[in-house]
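Before any questions on how it binds or moves, here is one chain, the form predicted on its own, in structure tokens.
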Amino acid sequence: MVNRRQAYEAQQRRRSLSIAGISTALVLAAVVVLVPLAPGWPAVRASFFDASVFAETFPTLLQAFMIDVMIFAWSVPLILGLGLAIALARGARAPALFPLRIFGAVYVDVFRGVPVILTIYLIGFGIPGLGLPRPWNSPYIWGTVALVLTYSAYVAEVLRSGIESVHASQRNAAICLGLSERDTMRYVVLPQAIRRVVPANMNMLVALQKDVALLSFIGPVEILRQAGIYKSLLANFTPYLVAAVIFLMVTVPATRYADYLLNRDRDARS
């Protein structure tokens, strides 16, 4: 049985959805009608929206995207592991571990302060320049190292905020029950902290999936580099549009899932 308040809220939701739908349709109609009226639209359409080039390059670019997926797949566990280690180092309280806290703070400051593309250039070109033999001069290895170092700094701060969000009374209660500091962190604090920061880390992983394409600047022929090759061969920018579409096929569902987790977490707290 629906009461008057529930009926009123349902009416308001229908009204909001109707207004949002109408305004979105008006904006899309304006774009569709007004953009083709621009004087340079025929040239833009030929350069960026060539259907034949789209169909020709899509399979190869999708195959090149698998390289991005592989780099992403082996980077994620390394980032999460190193990020957790840095977060624990930042939260170390024992006086003897003060140097570890300093190291964690310096690490986070350095790798959050340097743009990711600059880190990729410095590590991707600098370390192979030492004359290392194969396979240790591979851009895949050092590009992955640059991504891991950069993103683990961000993940460490997210995890640290989750650890600090656990109320001190829970630590004290666990210690009163006989748990050691290590077991308190392992069985009481970390499970709650990690669960609370899952949505924020999902957003980090979405950003990482996009930034993997930056490794193309140091050598790997992944989707962005392959799109550049096609652009030069075909004298057309449509391959870049294909690359963008392929990225959206992955990042949009991942972003929506992160939003779902954020909303679920907010509802659980309210």
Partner chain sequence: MHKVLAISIIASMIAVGGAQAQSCHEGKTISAGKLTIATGNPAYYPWVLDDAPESGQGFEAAVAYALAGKMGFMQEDVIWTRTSFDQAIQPGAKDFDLNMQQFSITAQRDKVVDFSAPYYTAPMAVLVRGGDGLTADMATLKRLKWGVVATTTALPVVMEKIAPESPPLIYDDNVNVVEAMKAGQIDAALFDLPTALYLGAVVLEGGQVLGQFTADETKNPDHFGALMTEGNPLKECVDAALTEMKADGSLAAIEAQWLQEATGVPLIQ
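All values derive from a computational prediction rather than experimental measurement. Residue numbers count along the first chain shown, from 1.
There is another form of the same protein, the form predicted together with the partner chain; it is not shown, and what comes next is about it.
Asks: Only one of these stretches, 202-210, 241-249, 26-34, 44-52, has heavy atoms within 4.5 Å of the partner chain in the predicted complex; which one is it?
Replies: Going by heavy atoms within 4.5 Å, the stretch is 44-52.
Asks: Can you work out which of Gln170, Ser161, Gln192, Ser138 has a heavy atom no more than 4.5 Å from the partner chain in the predicted complex?
Replies: That would be Ser138.
Asks: Considering non-hydrogen atoms and a 4.5 Å limit, does the partner chain approach Pro95 in the predicted complex?
Replies: No, Pro95 is distant from the partner.
Asks: In the predicted complex, is there a heavy atom of the partner chain that lies within 4.5 Å of any heavy atom of Phe65, even though the partner is absent here?
Replies: Judged by the heavy-atom cut-off of 4.5 Å, Phe65 is well away from the partner chain in the predicted complex.
Asks: Taking 4.5 angstroms as the cut-off for heavy atoms, does Gly124 touch the partner chain in the predicted complex?
Replies: Judged by the heavy-atom cut-off of 4.5 Å, Gly124 is in contact with the partner chain in the predicted complex.
Asks: Do Gly178 and the partner chain come within 4.5 Å of each other in the predicted complex, heavy atoms counted?
Replies: Residue-level check for Gly178: no, no contact with the partner chain.
Asks: In sequence order, which positions of 206-226 have a non-hydrogen atom within 4.5 Å of the partner chain in the predicted complex?
Replies: Ser216, Phe217, Ile218, Gly219, Pro220, Val221, Arg225 sit within 4.5 Å of the partner.
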